[in-house]
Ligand code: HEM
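The chain that follows stands alone, in the form predicted on its own, written as structure tokens.
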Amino acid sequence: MTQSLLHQILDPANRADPYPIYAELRKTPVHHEEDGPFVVSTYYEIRSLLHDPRISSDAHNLVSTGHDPLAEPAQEEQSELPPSFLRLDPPEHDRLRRMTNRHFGPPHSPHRVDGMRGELQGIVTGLIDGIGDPGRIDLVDQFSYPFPVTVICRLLGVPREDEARFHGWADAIAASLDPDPDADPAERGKGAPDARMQLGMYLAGLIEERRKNPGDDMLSELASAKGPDGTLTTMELLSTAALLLIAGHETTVNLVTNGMLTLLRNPDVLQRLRADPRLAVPIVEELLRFEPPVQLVPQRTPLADIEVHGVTIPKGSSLWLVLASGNRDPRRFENPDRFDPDRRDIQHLGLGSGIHSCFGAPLARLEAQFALSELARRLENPRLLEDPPPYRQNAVLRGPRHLSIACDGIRP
């Protein structure tokens, strides 16, 4: 029996190369299977919906009309902590995002991210120095995972001795986003509630400590600052801190790993980056189009009947936006299946768009630029030991679970 397109997207067997499935999906820009979500796969339609105020991110607006394999974990997630601003609509979304951004980016904190350049360089250097045997490197375990985890912990002010504790919590929470349509919903998200509870308890203690003894970290500022929008409640602060910790590294792990995999498959581009580290900027932008770490945005809900490409998507239905498919839409990008860092006008969807565009985008870009340029410079004759590598099951946060590479040596 032939699998439906939706099941093919969610099938872990197709994780290494979902792009032929996306190409098939784009033949029907609004795809709907019985009792399933409405799936939009073309660039202009996705971009329009990301900017449409009639599209809600609040799961409470979803009317249960069938089986959406991503619906249950989201509702479960909201039972432990209040929803983060990622899952809220204006005006609450705008208030919380504004309050958080005051301590992260312009205009109030313009140097927060840029001021971390020296620390980023130091973390990258330390991780590459500690790789050990150049003949067998697991880039995920030895570099791509510890790098962004360390960065986000330093940004928020998590003590260094506690950084390792986040690995298990993050893995369990990310696994709850894994949409397996054939799995028992209760089993699929089994470890996530406990992980979220432990993370919440830890953060509550850390927030209390920062209120008594504030430092110059972002969590201290969020805990004590008063601005035009007032102050964050303890529960709002908990929810926001958890979001920044998890979202702040899960996507960057995939961006760095997908990036190195793509460069090793395109050795001419890798050679150019080694010779000119400035190429890291356009390379990362093209990577966000070509191999985005977030493949699809699930659980959006129309607040009214909306017509898209001649199809009416009913109010209250489940809507998925397949960003990775839109990024390969030939109506928008010439030769979309070609990795081309010289491509002009890369208005990709790799970091979303509209009011829910990636909050941490400036930091993610900088992390990936530092990581890839230094790996290219320091690894001598790097090569893949397994292609394709084994992938994580997750269809939303797509990336290799391990990336085995070898090199002839590591330059100083």
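A residue's number is simply how far along the shown sequence it sits, counting from 1. Nothing here was measured: the structure is a model prediction, and the numbers come from that model.
Form predicted in complex with this ligand: not shown, discussed below.
Asker: Give a yes/no on whether Met116 approaches this ligand to within 4.5 Å in the predicted bound form, heavy atoms considered.
Answerer: Judged by the heavy-atom cut-off of 4.5 Å, Met116 is well away from this ligand in the predicted bound form.
Asker: Within 4.5 Å, heavy atoms only: does Thr251 come near this ligand in the predicted bound form?
Answerer: Looking in the predicted bound form, residue contacts with this ligand include Thr251, since a heavy atom lies within 4.5 Å.
Asker: Residue-level contact is defined here as any heavy atom of the residue lying within 4.5 Å of this ligand in the predicted bound form; does Ile283 satisfy this criterion?
Answerer: Although this ligand is absent here, Ile283 would stay clear of it in the predicted bound form, with no heavy atoms inside 4.5 Å.
Asker: Would Leu86 count as a contact of this ligand in the predicted bound form, using a 4.5 angstroms cut-off between non-hydrogen atoms?
Answerer: Yes, contact at 4.5 Å.
Asker: By the heavy atom within 4.5 Å rule, which residue out of Gln299, Ser317, Thr257, Thr150 makes contact with this ligand in the predicted bound form?
Answerer: By the 4.5 Å heavy-atom cutoff, the listed residue in contact is Gln299.
Asker: Can you work out which of Val322, Val294, Val124, Leu222 has a heavy atom no more than 4.5 Å from this ligand in the predicted bound form?
Answerer: Going through each option in turn, the one that passes is Val294.
Asker: Using a 4.5 Å heavy atom cut-off, are Arg97, Leu243 and Gly352 all in contact with this ligand in the predicted bound form?
Answerer: Heavy-atom distance to this ligand in the predicted bound form: all three under 4.5 Å.
Asker: Please pick out the stretch from 128-136, 89-97, 192-200, 302-310 that is in contact with this ligand in the predicted bound form, where contact means heavy atoms within 4.5 Å.
Answerer: Looking at the partner contacts, the answer comes out as 89-97.
Asker: Just give me the residues of 348-383, first to last, that have a heavy atom within 4.5 Å of this ligand in the predicted bound form.
Answerer: Gly350, Leu351, Gly352, Ile355, His356, Ser357, Cys358, Phe359, Gly360, Leu363, Ala364, Glu367, in sequence order.
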